[in-house]
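Only one chain is given next, in structure tokens, and it is the form predicted alone.
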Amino acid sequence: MRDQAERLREMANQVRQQIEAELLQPHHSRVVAISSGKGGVGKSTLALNLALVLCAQGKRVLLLDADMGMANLDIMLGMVPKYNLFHMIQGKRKLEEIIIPGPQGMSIIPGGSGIQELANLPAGDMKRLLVELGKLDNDYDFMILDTGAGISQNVTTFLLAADDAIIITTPEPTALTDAYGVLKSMDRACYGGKVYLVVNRVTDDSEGILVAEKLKMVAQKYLDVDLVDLGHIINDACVSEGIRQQQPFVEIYPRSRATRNIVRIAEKLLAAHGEQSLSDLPETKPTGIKHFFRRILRSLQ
């Protein structure tokens, strides 16, 4: 009886130690980059509204306007921030001074629109910026990047360093061709994360499914890329109305079809990782904001 009790105590102690070790595991944000082959396909709209839906589900979200020099998320929200990334890079403001609160408890790092110095940021300034951003790793569940469109060096660098990439397109042939170009560029650079697809402005569910399947087949056949269909967004008038009113459509039209589409996309993003918070999952490679920026820094060497 004494030996049995001792074994039970040892087992209980092992379980306790295991639980404590798991609780002490460092929290890492999941970095999700959203990009497109061409402009005007709804990239920023997806980034903003997806971030809000994740916030509504209890996630801590940091939205970074990474379209360097052509940022517009603050405009979409009707905000006029005092400071942006350019003030930080100039050394005039600290990082915590440029982060602004958004709807649903979301945090936003505004970029700068029409600032040539941001669009052509020297490697030294980029490194200093990334070091500061890396300090936010434990503060959020997600960091969502609204990157620029196309395959410029800045866009490609952000995409390759992210844990997950979401490519958004429309059914138009030019948009699909350019989206394929982004996938091809990522494949050549041996991107190691998951690549998701969102098809925007579809007339109905059938078109969204068909367009996604066609691009998935092409990506698999010619690039050997497993493109994951994250969903589609109906061509709903509430989307453009939200942009006109400078308010996220998921907030002012919560019952619209487009809002339901965004909610489904958020659910599928989480479900793809075991229906858990992405930051709580077993990881096959280092993740989080710090590792994201470390990968970028290595590319700038």
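Throughout, we count residues from 1 along the sequence that is shown. Keep in mind that this is a model prediction, so the values were computed, not measured.
Missing here is the form predicted in complex with a small molecule; even so, the following discussion is about that form.
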Please determine, with the chain shown alone, which of 134 to 142, 193 to 201, 223 to 231, 154 to 162 has non-hydrogen atoms within 4.5 Å of the small molecule in the model of the complex. 193 to 201
Counting any non-hydrogen atom inside 4.5 Å, which residue from 250, 63, 41, 266 sits next to the small molecule in the model of the complex? 41
Work out which of 52, 68, 33, 239 lies within 4.5 Å of the small molecule in the model of the complex, going by heavy atoms. 239
Are any of the heavy atoms in residue 89 no more than 4.5 Å from a heavy atom of the small molecule in the model of the complex? no
Check residue 259 for me: does it contact the small molecule in the model of the complex (non-hydrogen atoms, 4.5 angstroms)? no
Using heavy atoms and a 4.5 Å limit, would one call residue 211 a contact residue for the small molecule in the model of the complex? no
Could you tell me if residue 56 has a non-hydrogen atom within 4.5 Å of the small molecule in the model of the complex? no
In the model of the complex, do 45, 149 and 235 all put a heavy atom within 4.5 Å of the small molecule? yes
